[in-house]
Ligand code: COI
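For reference, the chain that follows is the form predicted on its own, supplied as structure tokens.
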């Protein structure tokens, strides 16, 4: 293996590539992985020299604290390639900022911005051939950090590992989904870690979601933990509803993730002249709008799916259909975002980041 060293990052290239083992015309989401990954260890009170190494397994002691106390946070990003072969990221500064907000909440050390951005750029340049070019596909980028120090004592770890791994992926969702409004279980609570992208947040969602699937729904709409009256999130995504011609979404809080796609949708919608209201809204308001024929759209928003339209929702044993409207906000907004991401349109917001 050849070894290269930048001012920051040591690079060890893979002997051979796995590219020829992947059918890029039929990409499942997150199954395949690129030839390399970025790693950096935290030891003795500081981050060590970061490295890019061949994609490989991680070996941990059985007493590693990630297994016992769940100190783990992550981000979700995508890299895109335009018609000329240029590589872009979408608002990576937001992901860099947020992973440190998440880390701080879980008593984990913040990761240096310089290491994050330089490692990300070097990794994408090294594995640029893995970025798919078919419409709707992209290279999913997963930065994450976890407690790697050993010991059964219930306390923060003294060692951590930061990793960036990548996966060429097709579209996350296809078609509209049917959802169930949750009346018992909660995704997060006041004073908790709901605003952080902590691994445990998602583990706690799986059981209620599975119950909803058994009832014939694809996903859960989460409500507040106290009264279950207020709409908060859609599965692992932020949620938007269109009542009449007004787009409504819940404000972020210590229970709700400050989604990058969410804030991008709000900015684009306002730029399109759409009336946007960021406010708390209740299940009863949603039901009333559906009964009056005023609920025109409902969709989830997140990095993986960008926008996932919702076809209907269930609540207290009754199902409510949502119309499939022409020139929907969901379609318009998704096109605006993806056209920026794939460098097919002007980026008046300055969100597109060229990897060079």
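Note that the coordinates shown come from a computational prediction; the quantities given were computed from them, not determined experimentally. Positions refer to the first chain, counted from 1.
We do not show the form predicted together with 2-OXO-4-methylpentanoic acid (COI), though everything after this point is about it.
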Whether 65, 144 and 161 jointly form a contact site for 2-OXO-4-methylpentanoic acid (COI) in the predicted complex is the question; each needs a heavy atom within 4.5 Å. no
Within 4.5 angstroms, counting heavy atoms, which one of the listed stretches 40-48, 290-298, 303-311, 56-64 is next to 2-OXO-4-methylpentanoic acid (COI) in the predicted complex? 303-311
Taking the shortest heavy atom distance, is residue 185 within 4.5 Å of 2-OXO-4-methylpentanoic acid (COI) in the predicted complex? no
Does at least one non-hydrogen atom of residue 320 fall within 4.5 angstroms of 2-OXO-4-methylpentanoic acid (COI) in the predicted complex? no
Contact flag, residue 230 vs 2-OXO-4-methylpentanoic acid (COI) in the predicted complex, heavy atom cut 4.5 Å: no
Mark residue 152 yes when one of its heavy atoms lies within 4.5 Å of a heavy atom of 2-OXO-4-methylpentanoic acid (COI) in the predicted complex, and no otherwise. no
Heavy atom within 4.5 Å of 2-OXO-4-methylpentanoic acid (COI) in the predicted complex: which of 140, 116, 240, 130? 140
Can you pick out, from 217, 281, 195, 172, the residue that has a heavy atom within 4.5 Å of 2-OXO-4-methylpentanoic acid (COI) in the predicted complex? 172
Does any residue in 235-265 get within 4.5 Å of 2-OXO-4-methylpentanoic acid (COI) in the predicted complex, counting heavy atoms only, and if so which ones? 236
